[in-house]
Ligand SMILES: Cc1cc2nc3c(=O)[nH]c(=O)nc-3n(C[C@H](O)[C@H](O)[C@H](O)COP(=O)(O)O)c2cc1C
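Next up: a single chain in structure tokens, the form predicted on its own.
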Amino acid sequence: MGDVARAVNIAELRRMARARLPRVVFDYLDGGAEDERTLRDNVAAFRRWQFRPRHGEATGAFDLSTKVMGQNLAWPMLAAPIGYSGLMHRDGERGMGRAAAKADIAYVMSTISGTAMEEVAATGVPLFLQIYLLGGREAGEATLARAREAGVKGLFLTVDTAVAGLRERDLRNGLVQLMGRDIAAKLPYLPDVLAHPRWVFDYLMGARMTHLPNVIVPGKGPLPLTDVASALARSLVTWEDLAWIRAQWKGPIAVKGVLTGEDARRAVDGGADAVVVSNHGGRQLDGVAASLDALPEIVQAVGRDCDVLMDGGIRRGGDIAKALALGACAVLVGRAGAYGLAAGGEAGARRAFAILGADLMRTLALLGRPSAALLDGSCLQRRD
């Protein structure tokens, strides 16, 4: 754990995660779809913008607080939903929840988790739930009822998974085979896994994901992990589903996976309180716009009618500042926090959030903007 405490940037946490994890797990976390063009472009998009600082300004006390979907947050960031977090570290979703709580940010927990939402809510973190309609609407009703009882603050409905993206690293590494029941099919992929005995021990002593405790299929119980892919293929989320969820859920709802002004407007008209500009971290349709590049169109389309968040490619606090300057009210931090979790569990995730927070504070100071609310287009210029 001392190593993660000494990490000075997210890239160092990524290197630590790569060393600790079997290739199949690291590539699941790190990889994208097809040629991974969108994955790379998410990061590169931030380099297309330069800061325009104002010097000689007395900044005084800094105010980085914001309000997202009715929830007051000390920082304009939330921990993003990461499926299979228990594969990355035995601390899993509980560790991420505790880290987010200590960082004074919120956590959007994935449906595809090995930990019950009630256990994560017990960490004291402001908890949101990202949902798919796995198991159909009947299973969805039970999930929503549990979320209400657990004190979940709001829902993030993901709409960009009509089918799973073609993640070629996962195919090469045998992810499906290793998570399946066929022992013979696992054998070609086991040497790399067994070459990481510390991870194997932690996995066997920790999460050992076999089912999704937050998806209870009527008459069958928790959805088996081996059935997730087929269940996702049957659970295309439509605008009619948004209307149905809006009728079931009285709290705030965000629609995640929006890349066009048309879809953003439709989400708001359908009852969404927020939209998340997202290409699923480059893991779905390769060749779409980087999230940051799509952000201005979404902001223009919805105006002040809803909160606009974004994710994808955030590796520095300066990246967060650029997203806020282009109109986002907050960002979802995905891989950056997950690299920390994979490198050192809860302590690693805490370190990732601390790095980003310090980066953001320093960026505001050097920009001469004492408040995140003062970040706007005047802070940026497009690189030639």
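Everything numeric here is computed off the predicted structure, so don't read it as measured data. Residue indices: 1-based, along the sequence shown.
What comes next is about the form predicted in complex with the ligand, which does not appear here.
Peer 1: Taking 4.5 Å between heavy atoms as the contact cutoff, choose which of T115, S235, T158, T143 touches the ligand in the predicted bound form.
Peer 2: Flagged contact: T158.
Peer 1: Please identify the residue among V68, I355, L324, L29 with any heavy atom within 4.5 Å of the ligand in the predicted bound form.
Peer 2: Of V68, I355, L324, L29, the residue with a heavy atom within 4.5 Å of the ligand in the predicted bound form is L29.
Peer 1: With a 4.5 Å heavy atom cut-off, would you call N214 a contact of the ligand in the predicted bound form?
Peer 2: Heavy-atom contact with the ligand at 4.5 Å: absent for N214.
Peer 1: Under a 4.5 Å heavy atom criterion, is V333 part of the interface with the ligand in the predicted bound form?
Peer 2: V333 belongs to the contact set for the ligand.
Peer 1: Given that the partner is absent here, does H89 sit within 4.5 Å of the ligand in the predicted bound form, heavy atoms only?
Peer 2: Contact with the ligand, no.
Peer 1: Taking heavy atoms only, is R94 within 4.5 angstroms of the ligand in the predicted bound form?
Peer 2: No, R94 is distant from the partner.
Peer 1: Work out which of the listed stretches, 48 to 56, 334 to 342, 355 to 363, 316 to 324, brings a heavy atom within 4.5 angstroms of the ligand in the predicted bound form.
Peer 2: Correct option: 334 to 342.
Peer 1: So which residues in 279 to 311, when you check the ligand in the predicted bound form, have a heavy atom no farther than 4.5 Å from it?
Peer 2: H280, G281, R283, D311, in sequence order.
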